[in-house]
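Before any questions on how it binds or moves, here is one chain, the form predicted alone, in structure tokens.
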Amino acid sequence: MAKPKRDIDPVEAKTAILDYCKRKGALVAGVADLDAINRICPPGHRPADMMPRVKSVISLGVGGQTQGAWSVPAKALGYFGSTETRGYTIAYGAAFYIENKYGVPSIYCPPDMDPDAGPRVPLQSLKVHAELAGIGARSLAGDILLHPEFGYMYFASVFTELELEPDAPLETNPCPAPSCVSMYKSIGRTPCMKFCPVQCLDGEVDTETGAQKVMRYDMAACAEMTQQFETVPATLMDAMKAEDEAAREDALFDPDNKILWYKLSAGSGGLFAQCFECMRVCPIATKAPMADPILRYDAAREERERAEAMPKAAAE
């Protein structure tokens, strides 16, 4: 087993690791409470089931779509709306950063499905990691995590044998937004519930406090429309069962199914849960203070200009 390169200050190490994630493009990063993860996640899906000597779980979040993406038709947004691979790239690099800088074993946590549990059960819950690390809170939109400042994000995780102080979950949940509470009071639904194409979202809002009361999510209905990787074997089965050549040709070359073959040949991420209609109408996802990449760029530029001006002012 590799030994640490030197005595490690856990406070300095945590700061350096989270700063690395942000330099590489993460909007937020934090450390989840490992004991809390173990209380929530079932056996077989806890960090130690993947990395036996894990001491810390680092979670990071990257921004979702560009501001312009929310205005395009759903059929186009389904092709380019996801930025999740960017988060995975940062997490992969962070694992190497920790090993190179501190000499402590670390891994990028695969975001993929557990081959023993089926196509809807992940190896690890990146969402639990992010929620406990304080970089997102559960929404009425199928438990999608939202951040009060950055809105809708994708998350990635790193496991390490380096022990770091955990962060706390967000003290308040930004969902539902005040406008969503007002709509709920009026029609009994929030925007995400109203505009879900397959009506897979439902829930209740405490109209006195404006907080979530109950969240219901029909994952099967959502997956049937959006997770087209499950449609491929069904299409092939229809073709195999066809009674004659004409029926088999219809099954394989139906105009809708041709899109499936295109997505497969192009390696399109559009096979994976590419429906954004609940987020398109979510005021937190689209209108949180730093949800807009244009505003984030402007804020970063102003911060750089202030930093550059400080030495000049001091010299004068």
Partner chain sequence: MARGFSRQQIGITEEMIETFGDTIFRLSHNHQVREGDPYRLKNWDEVDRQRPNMGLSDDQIADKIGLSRHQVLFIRTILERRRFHTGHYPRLLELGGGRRFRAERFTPHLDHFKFSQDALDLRAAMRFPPAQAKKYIDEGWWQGDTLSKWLDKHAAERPDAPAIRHGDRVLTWAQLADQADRLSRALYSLGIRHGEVVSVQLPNIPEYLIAFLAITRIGGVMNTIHMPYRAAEIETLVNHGRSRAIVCLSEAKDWSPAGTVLGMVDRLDSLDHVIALGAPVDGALSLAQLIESDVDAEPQTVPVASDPFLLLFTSGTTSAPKAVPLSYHTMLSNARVGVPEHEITPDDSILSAAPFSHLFGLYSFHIAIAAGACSVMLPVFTPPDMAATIEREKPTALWTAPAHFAAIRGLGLIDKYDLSSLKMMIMSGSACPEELVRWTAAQLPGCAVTQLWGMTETQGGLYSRPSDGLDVSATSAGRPSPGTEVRIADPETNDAMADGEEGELQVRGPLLFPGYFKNEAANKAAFTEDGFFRSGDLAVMRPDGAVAITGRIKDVINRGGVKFNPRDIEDLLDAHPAVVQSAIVPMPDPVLGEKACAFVMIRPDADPPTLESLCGYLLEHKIAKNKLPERLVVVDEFPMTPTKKIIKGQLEVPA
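Positions refer to the first chain, counted from 1. The structure presented is a predicted model; accordingly, all values stated were derived computationally and were not measured.
Although not depicted, the form predicted together with its partner chain is the subject of the following passage.
- Site annotation in the predicted bound form: the residue of 196, 135, 164, 205 reaching within 4.5 Å of its partner chain with a heavy atom is 196.
- Interface residue among 105, 210, 111, 169 relative to its partner chain in the predicted bound form, by the heavy atom within 4.5 Å criterion: 169.
- Of the candidate stretches 66-74, 49-57, 283-291, 244-252, only 66-74 has residues whose heavy atoms lie within 4.5 Å of its partner chain in the predicted bound form.
- Shown alone here, residue 149 lies farther than 4.5 Å from its partner chain in the predicted bound form, counting heavy atoms only.
- Its partner chain is not shown here, and in the predicted bound form it never comes within 4.5 Å of any heavy atom of residue 157.
- Although the partner is absent here, residue 264 sits far enough away that none of its heavy atoms falls within 4.5 Å of its partner chain in the predicted bound form.
- Its partner chain in the predicted bound form is not approached by residue 190, whose heavy atoms all lie more than 4.5 angstroms from it.
- Along 219-236, residues 219, 220, 223, 224, 225, 227, 228, 230, 231, 234 each place a heavy atom within 4.5 Å of its partner chain in the predicted bound form.
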